[in-house]
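A single chain, nothing else alongside it, follows as structure tokens in the form predicted on its own.
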Amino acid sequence: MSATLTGKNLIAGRWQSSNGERFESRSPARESEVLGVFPSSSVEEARQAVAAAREAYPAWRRTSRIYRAELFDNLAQIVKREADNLARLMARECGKVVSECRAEVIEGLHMIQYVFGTGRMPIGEVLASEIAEKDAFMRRKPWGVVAVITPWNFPFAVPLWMLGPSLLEGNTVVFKPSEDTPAIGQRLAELFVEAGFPAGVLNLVHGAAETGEALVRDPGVNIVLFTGSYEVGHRIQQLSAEHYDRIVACEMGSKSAVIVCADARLDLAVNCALISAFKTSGQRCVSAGRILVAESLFDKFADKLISAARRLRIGDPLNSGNFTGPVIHRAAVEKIERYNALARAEGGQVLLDGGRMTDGEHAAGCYLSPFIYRMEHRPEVRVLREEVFGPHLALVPFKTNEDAVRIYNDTPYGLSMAVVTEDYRAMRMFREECEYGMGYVNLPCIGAEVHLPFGGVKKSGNGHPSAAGLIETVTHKTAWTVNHSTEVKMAQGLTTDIEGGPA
């Protein structure tokens, strides 16, 4: 895509322009570059999209599950064809390095392939009954209409984590991509249309908070699937409490960490820390804002980490040789700089004084270099508890592994953690005592795979993980019991005597 894109909504199979306000999608690498202009969808347009999904639901639910899966196979072939184009569009729009964007496209493809494969898998269980003449079954059924509200940092894979299971199981969808990455969201919807998904099964509305809130308020929505900030997720939960038949699955950020134990392999630990903290410029929900380091290893670890961080190549996301690109927009730059200042104010010892990059190619975009500091753990320190979402990293010393657990858990979040150690007993202790949704050993705290659940605890999630774990949310279990006798026989010894005889 080289020309400026004119964005449209997709409602009931028709691409529709909007007569209302519009907004621009700009490249964070070159803020003067406008990728497209998109509609700020009104409450009425959101209502129309929900109504279209509601109308399409009965026929889609009755469609063969295997046929629904075959459409995902169509989609997989299209994504393979378009992988490089999708990666370049994503790099331009969200600022991730193109090689990382291509990896995200493959992750989305893996979700499509996973969904296709599950299409021929069981949708329930056959269970024993107390009564020999009865057959008992558990069957899964779809809920209805799903609102999918997704973030900018994974604008292709995360929507597919949600869209795939929802549609395969017979739900219909209204999809609202982030207002920061509407072009990749629209392109994804176009691929669904090309793959043959019927009109109204997938609907697309562009917009910001007002559009998202209109979807959440609509009583025609049965499920809301959301990834983003805690503040927005909490608002969605509050609004959804007014609806008696509403299910909400939220993944809402983190203060993830890597724990480097005294016996850690130093080079491995440094590599895990760098990738966890600074890949995607620290803008993954699972990015490590904290590295907890055993005191005996701290100085050696810090020296090697700082040396490696200075060498990171930060620049044009279309250059695959760069380690990372810009942050998403100017407001993000300003927020991260405020947290850098707060780290100083709260007593942090600055080890690498990173910040805004204004030289050469960096002057045109939203580039930040890594900011690293040592901070002793204290419960009241905000920079150790609040999500920054940028290249801002605290190194926190600890005395014992038990101290590391206490420090790790001392945040309101619980999404991802990693531990670097050679001690299998320590691995087990961290596995059991830390509060997280995804844990890794001798790995970075990033690196989700689609066949595993993706979600967290505390403020990071509400018990409905995404990716493979989402099937539990987008379907509900039903009991189905069939009597093969010519008489009524009841479980628990309940009498069937209608004449009032003895039990």
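Numbering starts at 1 and runs along the sequence shown. The model shown is predicted, which means the values in this text are computed figures rather than measured ones.
Keep in mind that the form predicted in complex with ligand UN1 is not shown, yet the notes after this line are about it.
Proximity of W161 to ligand UN1 in the predicted bound form: non-hydrogen atoms within 4.5 Å are present. Proximity of W60 to ligand UN1 in the predicted bound form falls outside the 4.5 Å heavy atom cutoff. The shortest heavy atom separation between G439 and ligand UN1 in the predicted bound form exceeds 4.5 Å. Within this chain, Q186 is remote from the site of ligand UN1 in the predicted bound form, having no heavy atom within 4.5 Å. Note on the partner interface in the predicted bound form: the residue among S240, N153, N222, T421 having a heavy atom within 4.5 angstroms of ligand UN1 is N153.
Contact annotation: of the candidates I471, A56, A448, A29, the single residue with a non-hydrogen atom within 4.5 angstroms of ligand UN1 in the predicted bound form is A448. For ligand UN1 in the predicted bound form, the listed stretch (65-73, 471-479, 439-447, 47-55) containing residues with heavy atoms inside 4.5 Å is 439-447. Residues R284, C285, V286 are the ones in 284-312 with at least one heavy atom within 4.5 Å of ligand UN1 in the predicted bound form, listed in sequence order.
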